[in-house]
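Before any questions on how it binds or moves, here is one chain, the form predicted on its own, in structure tokens.
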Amino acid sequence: MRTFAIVNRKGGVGKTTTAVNLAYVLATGAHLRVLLVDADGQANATQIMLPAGEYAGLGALLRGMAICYDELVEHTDVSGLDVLPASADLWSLDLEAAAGDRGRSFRTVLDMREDLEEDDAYDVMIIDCPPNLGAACVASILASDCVIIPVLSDACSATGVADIVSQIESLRAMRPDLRVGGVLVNQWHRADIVEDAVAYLRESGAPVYDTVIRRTDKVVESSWSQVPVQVLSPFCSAARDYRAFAAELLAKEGIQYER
């Protein structure tokens, strides 16, 4: 099983949109068995993929309140795509981890990943991380093969990538195989400043994916409708770009799938 964490400390850069649409494309287009993990207390991915309700979710796992992942995983109406939902109590997890066994909480998602692999339950796990490096985010990164960093073309996003990469690299002491898969440029549009930002990223030394996700109001509409843009407008530019990104990711990571 391959695991990808979608990470950026900055909010509003498209982490959830990327996680949800990548999971949807891999399940429907590549026919892979996908588990989408919502590690963000805002629970946006959960709200998009599952009916409204209260879920024990990732918080129960991180606190050791659930023994088996299948107590927490929810099926969606998309064949091959399940969700481990977020729970509102994720917000308080950092305070608890600081006062308790932080190492245990950091190991929890990795332990779940090992259980999933032993059961051959999924082909891919995608984790939508919160905009911080708190307990849930660090636990998610440590359970991953590689990290995908969505960014915008503004100065804060572009110049902040080096710091994110450095922080992720520092976690390799606990997980030596961890690596940055690449930077994914979101809301791309044809303008000199955007082209300059992309060029800056490519020259910075961090790996940058060839695919860019173009700006379209359909992404905003899909968030209001609480569905993936693949469902709302499957032929809009962003939906096609996410399919192209999924193909690029599968090829670069050497993941076999049904064509």
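Computed from a prediction, not measured in an experiment: that's the story for all the values here. Heads up: residue numbers just count along the shown sequence, starting at 1.
There is another form of this protein, the form predicted together with a small molecule, and it is not shown here; the text below is about that form.
The small molecule in the predicted complex comes within 4.5 Å of no heavy atom belonging to L249. In the predicted complex, the small molecule lies farther than 4.5 Å from every heavy atom of L22. Not displayed here, the small molecule is kept clear of A199 by more than 4.5 Å at the level of heavy atoms in the predicted complex. For V219, a non-hydrogen atom is located within 4.5 Å of the small molecule in the predicted complex, even though that partner is not displayed. For the options I213, M49, A43, A30, the one in contact with the small molecule in the predicted complex, meaning a heavy atom within 4.5 Å, is I213. Residues within 4.5 angstroms of the small molecule in the predicted complex, judged by any non-hydrogen atom, belong to 220-228 and to none of the other stretches in 202-210, 51-59, 220-228, 31-39.
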